[in-house]
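Shown next as structure tokens: one chain only, the form predicted alone.
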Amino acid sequence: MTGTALGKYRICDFTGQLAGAGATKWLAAFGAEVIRIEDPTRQGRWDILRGNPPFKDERTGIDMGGAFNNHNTDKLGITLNLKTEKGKTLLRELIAISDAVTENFAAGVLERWGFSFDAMREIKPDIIYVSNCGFGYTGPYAPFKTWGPIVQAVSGLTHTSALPGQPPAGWGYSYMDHTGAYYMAMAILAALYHRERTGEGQWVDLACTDSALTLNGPALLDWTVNGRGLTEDGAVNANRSQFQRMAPHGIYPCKGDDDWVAIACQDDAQWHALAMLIGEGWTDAFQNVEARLSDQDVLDAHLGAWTASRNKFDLQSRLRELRIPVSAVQKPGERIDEDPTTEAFGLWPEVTHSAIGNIRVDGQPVHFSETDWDSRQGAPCLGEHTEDVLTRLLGRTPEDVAALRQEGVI
């Protein structure tokens, strides 16, 4: 791999889904050796994404999950039955040669298996342990388990999805899992940097719900400073700009199936250019920003009626020529398959999966001039690298591995 920024580190990884697996994916892309551990007796149920859709084609099964493959590229995968003493012995040996242990189980799972932070420190005094659970290990909610919709609701994100006069719509996808993964990646790197400076390991306790809470910044500030809730009169409308004062500023319907365009006029000059393009008499009532702001509902209704008969990409081209801020609201397929910018940035690399074959996955939205990331290997099939890790790193022979497999340890 060319991505060697983190090539000196080894991660003993229990993460799953996205909130955890998305974190160690970052590390693996930059060269860290991430060894993902799963239970052979549970056939991938530690991570429900393993055998769930989307699938590349008609093939299904425990190694075919598209989301699992996307979140676990460039990792090694082994199985250990931690209900057995031999399985626990192998894990102790792996921890002893790792830099960090990472997981996003419910609080207390590793401790119940006999691998609390104190127990891990006895194995390796400078080990870094990073846990990422719904509510962290402190506070009254610590024992509770969470799932995407629960975290959205508790963190306040569900409420922020509501527009004035409308009920909360929910976010549709676990965006707090993305945020939790990003914070977890940063936390691992910060702890590794601290150990480089001091030689000291530590336990990093991360709460996914609190990570999601950080996405509520404007809503929290509005309540703290103004005592105003999101859905009250005068509250911030996500499709209108108050700072700076701009109008029109919103999302407008276009010709087609659920097609829309975003338009924002920063000043009167941009509005006048748009009004000339529109060429209709109703624009005369909105010559300055004060007039447009004072009657935005009428302005938006008129503008929406004008855009509704037009193609969103044609509007995007025309308004860009007039130097008016504009963008077609792009659907996933349009963004991935038709927009040249993401391909040029290398955001969708193709990796090779042992069972699925060649398939496109998410890359990283950043490039380093000297130690860039590199993704070529798909996610591991269940236990795909068990023999490699046990022989190469833990000194077992192929015969030892065969015996362990026969005993149900791996």
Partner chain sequence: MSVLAGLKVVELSNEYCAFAGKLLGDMGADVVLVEPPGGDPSRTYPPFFRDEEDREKSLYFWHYNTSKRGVVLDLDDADDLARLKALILEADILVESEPVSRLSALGLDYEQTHADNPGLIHVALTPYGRKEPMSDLPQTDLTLMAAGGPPWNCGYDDHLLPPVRGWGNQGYHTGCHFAVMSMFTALLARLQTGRGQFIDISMTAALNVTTEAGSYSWLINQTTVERQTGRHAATQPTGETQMRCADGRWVNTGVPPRFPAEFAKLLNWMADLGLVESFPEAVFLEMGANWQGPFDLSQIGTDDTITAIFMAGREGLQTIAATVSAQDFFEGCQSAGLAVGVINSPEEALEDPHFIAHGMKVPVRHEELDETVIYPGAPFVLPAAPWRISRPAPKVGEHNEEIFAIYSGQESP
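The shown structure was predicted, so the numbers you read here are calculated from the model rather than taken from an experiment. Positions refer to the first chain, counted from 1. Think of the rigid core as the biggest set of C-alphas that the two forms share within 1.5 Å after superposition.
One more form of this protein exists, namely the form predicted together with the partner chain; it is left out here, but the text below deals with it.
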Is Pro365 close to the partner chain in the model of the complex, meaning a heavy atom pair under 4.5 Å apart or at it?
-> yes
Though only this chain appears here, would His71 touch the partner chain in the model of the complex if you measure heavy atom gaps against 4.5 Å?
-> yes
Closest heavy atom of Leu404 to the partner chain in the model of the complex, within 4.5 Å or not?
-> no
Non-hydrogen atom contact Asp258 with the partner chain in the model of the complex at 4.5 angstroms | yes
Which of these residues, Leu303, Ile95, Cys254, Ala185, gets a heavy atom within 4.5 Å of the partner chain in the model of the complex?
-> Ala185
Contacting member of Arg318, Arg240, Lys86, Arg310, with respect to the partner chain in the model of the complex [4.5 Å, heavy atom] | Arg240
Which of 104 to 112, 76 to 84, 278 to 286, 324 to 332 has heavy atoms within 4.5 Å of the partner chain in the model of the complex?
-> 324 to 332
For the stretch 334 to 365, which residues lie within 4.5 Å of the partner chain in the model of the complex by non-hydrogen atom distance?
-> Arg335, Ile336, Asp337, Thr341, Thr342, Phe345, Leu347, Trp348, Ile359, Arg360, Val361, Asp362, Gly363, Gln364, Pro365
Please check if Gln266 moves between this form and the one not shown, taking a CA shift of 2 Å or more relative to the superposed core as movement.
-> yes
Take the rigid core as the frame of reference and indicate whether the C-alpha of Ile324 shifts by 2 Å or more between this form and the one not shown.
-> yes
Rigid core fitted, then: does Glu338 show a CA shift of 2 angstroms or greater between this form and the one not shown?
-> no
